[in-house]
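In structure tokens, one chain follows: the form predicted alone.
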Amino acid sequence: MQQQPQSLPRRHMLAGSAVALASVGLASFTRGAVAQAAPKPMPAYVSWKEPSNFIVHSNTTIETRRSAFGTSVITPSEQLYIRNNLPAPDSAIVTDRDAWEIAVEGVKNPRKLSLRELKTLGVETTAMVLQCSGNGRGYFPSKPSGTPWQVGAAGCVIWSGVPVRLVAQALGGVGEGMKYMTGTGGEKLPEGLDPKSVIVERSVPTSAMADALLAWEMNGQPIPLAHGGPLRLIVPGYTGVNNIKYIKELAFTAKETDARIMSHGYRLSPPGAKGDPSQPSVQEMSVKSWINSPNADQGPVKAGTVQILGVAFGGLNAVAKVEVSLDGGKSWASGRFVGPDLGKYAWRQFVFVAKMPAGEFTLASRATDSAGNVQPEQRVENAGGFNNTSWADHAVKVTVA
């Protein structure tokens, strides 16, 4: 059913709260300044990506521009962000992909399996949101250390591979008392350092095995080296750091790994504090949405009927609905999902059609998941700038002329 444009009362021309205005105004200024600069060249290992689609923060942190997200559900590989905790391994590892080996431990019959062998055990395809734990960090006024991501450290990707549960079954089942599934990445570690201080090794509850994959394909093609090929652990509904690239070991363990990236990194620490094992770990994602178009990068919007477009997802739950505000959250109206529903872990594109006269507007979106959880107005303050789902932070200020 065609959505009718929403008429805009004069009161909607007012901006939202002072907090929302301050955060959105600053973000809009920053995005506008970035958009005017010539795009930085892409690092050699991702030279196949189009530079104009990205904000290059560093060689290992590359953000998709808000204006680069299209209206299709799936994010093309050429538009997907990059976040690597360590430099990518040598490209030789994807020369003979099927020869890659992974050690599986904590099962009745532990052993190494080649990718060639994994492909005989089963196959499944899952669409899911891949999102860096720090996506939205750039909106924290405390300016946490780390990449100041806005919205572009996320994408919706289709993964194909063998379900982890089938691998465990083929090896006799998970051992007794194994509460965690621990993945270890295959990056080359810097010499002269304690391996546990730098290795990418993360533990998630064993229950996450239900939908987890050992994936070898992304968006219909072999996983690029930059995104974790030849083999990546995919844990739907969990933040990107838990989706281990170049996975070389999958262990079912009684305790979490003591690797520093787990014990002290990616912890929800109070502002000013350092991470430690007593604090909650950054793992599951929760309900979130944002508007991609119009936005400040695109310049003034022409008065009249405006298509407001964005994405919404539920993390571990399906997204159930999304609302849009034209006045910084003073009032809300229902948006309409467009495109196919690719399952509870994927995002949904949405549209809201509004008749907008000339003026200044603060556009915001607010999603609700299938369990009734509503995207919050405010972020949860933490030292690392993690898990920002605030709709006020992600709002955009636009000019209609």
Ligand SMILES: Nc1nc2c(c(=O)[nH]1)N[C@H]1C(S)=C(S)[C@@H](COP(=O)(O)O)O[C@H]1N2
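None of these values were measured; they are calculated from a predicted model. Start at 1 with the first residue shown and count on from there.
Beyond the structure shown, there is the form predicted in complex with the named molecule, which is absent from this document and is the topic of what follows.
Enquirer: Which among 324-332, 206-214, 232-240, 269-277 is in contact with the named molecule in the model of the complex, heavy atoms within 4.5 angstroms?
Expert: The contacting stretch is 232-240.
Enquirer: Have a look at 315, 185, 136, 294 for me and say which one sits with a heavy atom within 4.5 Å of the named molecule in the model of the complex.
Expert: Checking each option against the named molecule in the model of the complex, the one that comes within 4.5 Å is 185.
Enquirer: Taking the named molecule in the model of the complex as the reference, which of 259, 162, 102, 226 has a non-hydrogen atom within 4.5 Å?
Expert: It is 226.
Enquirer: If you check in the model of the complex, is residue 126 within 4.5 Å of the named molecule, heavy atoms only?
Expert: Taking the distances in the model of the complex, the answer for residue 126 is no, it never comes within 4.5 Å of the named molecule.
Enquirer: Would you classify residue 263 as touching the named molecule in the model of the complex, given a 4.5 Å non-hydrogen atom cut-off?
Expert: Although the named molecule is absent here, residue 263 would stay clear of it in the model of the complex, with no heavy atoms inside 4.5 Å.
Enquirer: So, in the model of the complex, is residue 319 in contact with the named molecule at a 4.5 angstroms heavy atom limit?
Expert: No, no contact at 4.5 Å.
Enquirer: Residue 311 versus the named molecule, in the model of the complex: is there a non-hydrogen atom within 4.5 Å?
Expert: Residue 311 lies outside the contact set for the named molecule.
Enquirer: For the named molecule, considered in the model of the complex: do all three of 84, 130 and 246 come within 4.5 Å of it, counting heavy atoms only?
Expert: The answer is yes: all three residues contact the partner (heavy atom, 4.5 Å cut-off).
Enquirer: At a 4.5 angstroms cut-off on non-hydrogen atoms, which residues of 276-297 are near the named molecule in the model of the complex? List them in order.
Expert: Heavy-atom contacts to the named molecule in the model of the complex: nothing from 276-297.
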